[in-house]
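Given next are two forms of a protein chain, the same chain in both, each as structure tokens and marked structure 1 or structure 2.
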Structure 1
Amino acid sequence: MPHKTFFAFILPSLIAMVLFIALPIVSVVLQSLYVSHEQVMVEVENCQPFGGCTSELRVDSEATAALRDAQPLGRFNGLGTYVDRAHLASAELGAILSSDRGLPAKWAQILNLPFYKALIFTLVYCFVVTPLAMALGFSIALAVNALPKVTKGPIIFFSLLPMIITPLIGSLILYWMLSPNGILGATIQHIFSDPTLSLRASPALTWGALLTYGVWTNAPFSFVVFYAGLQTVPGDTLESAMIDGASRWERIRFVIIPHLAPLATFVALVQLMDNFRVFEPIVGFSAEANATSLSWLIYNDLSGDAQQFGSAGATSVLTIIGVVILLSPVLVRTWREFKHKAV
């Protein structure tokens, strides 16, 4: 296809992506280097008829507003926002690590730093939910594959629901069931015979609920992909494995799993990418006291009356770096394959 035709076809799509994906990334980087203006102070002389003059500092709101209008980005702060307490907190982190406390105390202190609290939860969510959801999805796929044909359709229908549901709505539905007055929350209190046990009070329960939600909503995707993969397992290989005396488990282990391995890489990649941006469940479960994520930090900076663009920008840049690190194995592999093809 000639260059001209190619670009004529792709131009609208390209413009949309450059304007609304590439430029915002630039804008985020810029914003992260600035902080909002301090209020302009003026010295005002207060003179009374008797008693002389006192001078005091006052906020000049007019000048502040004018300055904010003239330079909406704020004042240049360099990498200051990145190292402050709300982000990488290099000074605080150094102090914590060099203190002579025990490891658990240090860990607790690190968890008090907002960025690390969010980062740790995000990573735990990614690397716990993804393998568990894949294992659950694979088991469902194996089980459904063994069922008579008529039942498959309805089961796939119900299985799709947790995945297709709006993340905020799905998490609300589970949250209401798990709240102390909901069916599951009350049951949990009953089981542990502890009437004060609730999502709000217990960090462990909150993490458990969020991870459960993650597995619940991620499993169907693995299930559908693995189920489709199972239909392509060569029957001859399975039969010869049976003739050679392989047990059911050995057939799964040595025939089916190797056959599905490339699919598993693909599923893992997609799920990791999606789970890295975990955000809605934290809003839905009102979990911010016990668990936050990187995306939630940005949302929190941006909502409310005082929007902190600098802080949101810095967290966004750090998140984007995280995404690139997460994607790097794929990018490197694709690049190698591409170069290989070119040579």
Structure 2
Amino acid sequence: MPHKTFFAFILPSLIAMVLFIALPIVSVVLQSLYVSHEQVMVEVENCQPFGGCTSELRVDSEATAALRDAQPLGRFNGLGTYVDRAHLASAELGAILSSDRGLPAKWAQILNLPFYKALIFTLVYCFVVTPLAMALGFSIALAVNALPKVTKGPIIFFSLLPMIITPLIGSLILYWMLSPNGILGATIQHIFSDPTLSLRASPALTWGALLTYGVWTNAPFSFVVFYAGLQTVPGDTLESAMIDGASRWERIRFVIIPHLAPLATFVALVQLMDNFRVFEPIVGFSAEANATSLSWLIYNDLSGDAQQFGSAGATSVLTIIGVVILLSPVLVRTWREFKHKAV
């Protein structure tokens, strides 16, 4: 393809990426370097008719508004927001690691820091949900591919239901089912003979429910991609393997899995990005007390009356860096395979 034709072909996508991706990222990075102005305080003398005078501090609304109008981004803070207690907490983390306490005590203190608490859950969610969802989706694809054509349609429809349902609605439905009055919550209480057992009161149950929901909602995407890939597996190769006496597991291991390896890389790439931005299940489960994520921290900074744009911007930048680090091995492997094929 001539360079001019290629450039004209990708120009609309480039414009959209600059307007809706590049410029917002630059804006977020810029806002993360600033913090909101503190309110201007003035000392006012308050005198009573039959008493003495007292001094008190009051907010100067006009001066505060004028300061905010003059500097709408706020007060320049540099990298101060990145290293404060709500984010990387460099001072607090250094004090924890240099203390004489044991490893469990240090770990508990680190979990009390909001950014690291959210980061740990986000990483656990990514590295647990992604492989389990891919394995479940692949297993469903193999099972559906072996079914008669008459039954494939209904089975595929029901397999895609978790992906069709809105994530927030799906998490709310599962949360109601796991509540003490729900069918799953009441069943769990009956199994453990504990009428006080509650999802909100147990961090382990909360994490387990969120991870289970993540696998349930991510599996359909893996199923669709792997099922489509199964239709491209060469029939001659499978027949040759059968003639040579290969069992079903051997055909899956030595024929199907190598053929679907590029698709597995694509699925892992997409699901890692999606799972690193986990947000809806935490809100739907009202799990903020036991589990938070980086996306939830951004939402928390921007909700309410006191919106902290600088803090939300710093968390967003750290999230982008985390996504890049997380996807680097997959991207490097894909690039190496591309160069190898090109040669």
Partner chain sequence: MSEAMAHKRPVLLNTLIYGFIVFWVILAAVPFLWTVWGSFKVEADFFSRESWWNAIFGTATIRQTGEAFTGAGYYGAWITRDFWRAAFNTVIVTICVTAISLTLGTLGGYALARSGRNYAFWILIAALVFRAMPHITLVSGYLLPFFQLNIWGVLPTSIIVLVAINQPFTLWMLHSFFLSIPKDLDESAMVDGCTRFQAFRLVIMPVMWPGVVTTGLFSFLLGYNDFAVTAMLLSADNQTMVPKISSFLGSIQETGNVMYAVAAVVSATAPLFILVLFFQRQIVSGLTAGAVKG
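Residue 1 is the first residue of structure 1, and the numbers go on in sequence order from there. In this text, the rigid core denotes the largest set of C-alpha atoms whose superposition between the two forms falls within 1.5 Å. The shown structure was predicted, so the numbers you read here are calculated from the model rather than taken from an experiment.
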* Looking at both, which one would you say is the form predicted in complex with its partner chain? -> 1
* When the two forms are laid on each other by their rigid core, does Ser61 show a Cα shift of 2 Å or more between the two structures? -> yes
* If we fit on the core, is the Cα of Ala289 displaced 2 Å or more between the two structures? -> no
* To do: On a rigid core superposition, how far has the CA of Ser328 moved between the two structures, in Å, if you could check?
  => 3.3
* **Rigid-core-superposed Cα shift at Leu14 between the two structures, Å** => 5.2
